[in-house]
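Below you will find one chain, with nothing else, as structure tokens; this is the form predicted alone, and questions on how it binds or moves follow later.
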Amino acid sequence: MTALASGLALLPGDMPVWHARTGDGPWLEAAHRAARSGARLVALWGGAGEAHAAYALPEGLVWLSLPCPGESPACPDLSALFPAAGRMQRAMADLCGIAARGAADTRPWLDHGLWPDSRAGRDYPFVRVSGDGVHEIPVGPVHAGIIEPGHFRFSVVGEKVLRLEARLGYTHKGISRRFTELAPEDACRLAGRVSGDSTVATAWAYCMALEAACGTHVPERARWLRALLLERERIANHLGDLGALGNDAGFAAGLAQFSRLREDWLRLSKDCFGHRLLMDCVKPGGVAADLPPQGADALRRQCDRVERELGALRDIYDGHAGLQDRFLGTGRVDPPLATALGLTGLAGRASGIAADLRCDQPWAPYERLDVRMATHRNGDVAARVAVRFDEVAESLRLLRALLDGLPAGPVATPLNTPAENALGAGRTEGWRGEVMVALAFDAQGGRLRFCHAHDPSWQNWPVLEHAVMGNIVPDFPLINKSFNLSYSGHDL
């Protein structure tokens, strides 16, 4: 750890996190050392007049803060070392006014030209592709569905995609600032709405960060219930995506069957925990409510039913010539490219990147569950489908283990009072990938000075653009769904 940066201090919490403040030179040198050692850039953001970077190492998370004073605050560019940093730096410039010194791409990201004192023009300068027969296809930002807005600019020859460039951030909600306006305990509800399909993952990461900053120990039963909620969230999303992927490849029966399974899954979540999507079930100090007396048996029976049907549906998917023709080789991201671009989470595991916090740095209760990581090396739609099937099967096993080992005791405890300028960080393995929340209290210890909630879609949206290259335009919906990235979690 000390080889990455000097002056590191271990923060309290469930997972190892080291923090240090640094200067320009050490900030850049730490990034070089992280890149050389194979460390992964988890997040890059601005807050309270500082630039912040978090790196994942085998030993834990290293969080570096760089003060950026002056009328034109700036920090060294990291995108040459970590390509995923590019858009994070552009968002930091929009939200905090901290520019990335020396960056090749300084276009606004969240500023769409409608803010007071906007630095953006109304005509966004997409990268142009020229040549014989090349033309552009604009898609969005408004889509024919209920998804959030996003603009996709295709440069194509015939139906072959030469380049795809996305522009997101159309519904900028002011989440980062809103965190500082709420009482820390209340802000958990906001964390759970950064990306609604990852409400448990983000709320747990927020609570982990808050509890670390407050020095609060969460009851063991609450930890096990949080893990149970997280695995149910993972399964619900995978079931929905497996059906949608079948539908996008022309197999509507797959959508019907998986939609039925997912609807049953959500209804039981509502019966047992009070919300179909499990919102507000995780709260600071524990969970909002205990599992009802008959809940465990109902959850076990549902696991058995889903496991049986999942096996039959997987046999159908694997043996369906039409599906396999659409899945195999489509939207491929090979392992070297995935590593170079920082692909993470489920999509990364489907491209040979064996990283899962539940296995690599298991926190309670995962250190007692021996999670089996699902990986693949083909990196195409078929691989991402296979990883989803494997992860559902493993999560069903984990749910049974959690129910069987669920300890007795309270499900919540009051928060302690945080120290002045206390820091906290939390990490969870959401269904899409690693979710991280970092926060800092003010000098009085009563309000948040900043809070950053990081969704893995920041890393993966740029990789999706590469995955589409060389494919045909009609395969974009299929490739896009195989990643299923968050618009909202990318729009702070």
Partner chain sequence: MWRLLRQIARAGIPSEAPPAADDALRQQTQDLAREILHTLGRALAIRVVDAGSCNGCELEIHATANPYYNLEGLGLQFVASPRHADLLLVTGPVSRHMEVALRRTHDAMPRPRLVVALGDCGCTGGIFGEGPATCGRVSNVIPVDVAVPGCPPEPRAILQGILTAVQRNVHKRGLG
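Numbering follows the first chain given and starts at 1. All values derive from a computational prediction rather than experimental measurement.
Omitted from view is the form predicted in complex with the partner chain, to which the following refers.
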| said: Please tell me whether the candidate spot formed by Ile147, Ala253 and Leu313 is one where all three residues come within 4.5 Å of the partner chain in the predicted bound form (heavy atoms). | reply: yes
| query | Is there any non-hydrogen atom of Thr202 lying within 4.5 Å of the partner chain in the predicted bound form? | reply | no
| Quick one: is Gln302 in contact with the partner chain in the predicted bound form, heavy atoms, 4.5 Å cut-off? | no
| query | Taking heavy atoms only, is Glu394 within 4.5 angstroms of the partner chain in the predicted bound form? | reply | no
| field | 4.5 Å heavy atom contact, Asp264 and the partner chain in the predicted bound form | value | yes
| note | Partner contact check in the predicted bound form: of 166-174, 214-222, 415-423, 286-294, the stretch with a heavy atom within 4.5 Å of the partner chain is 166-174
| request: May I ask you to choose, among Pro410, Gly196, Gly102, Pro83, the residue with a heavy atom within 4.5 Å of the partner chain in the predicted bound form? | output: Gly196
| Single option in Val371, Leu277, Ile353, Cys96 placed near the partner chain in the predicted bound form, where near means a heavy atom within 4.5 Å | Leu277
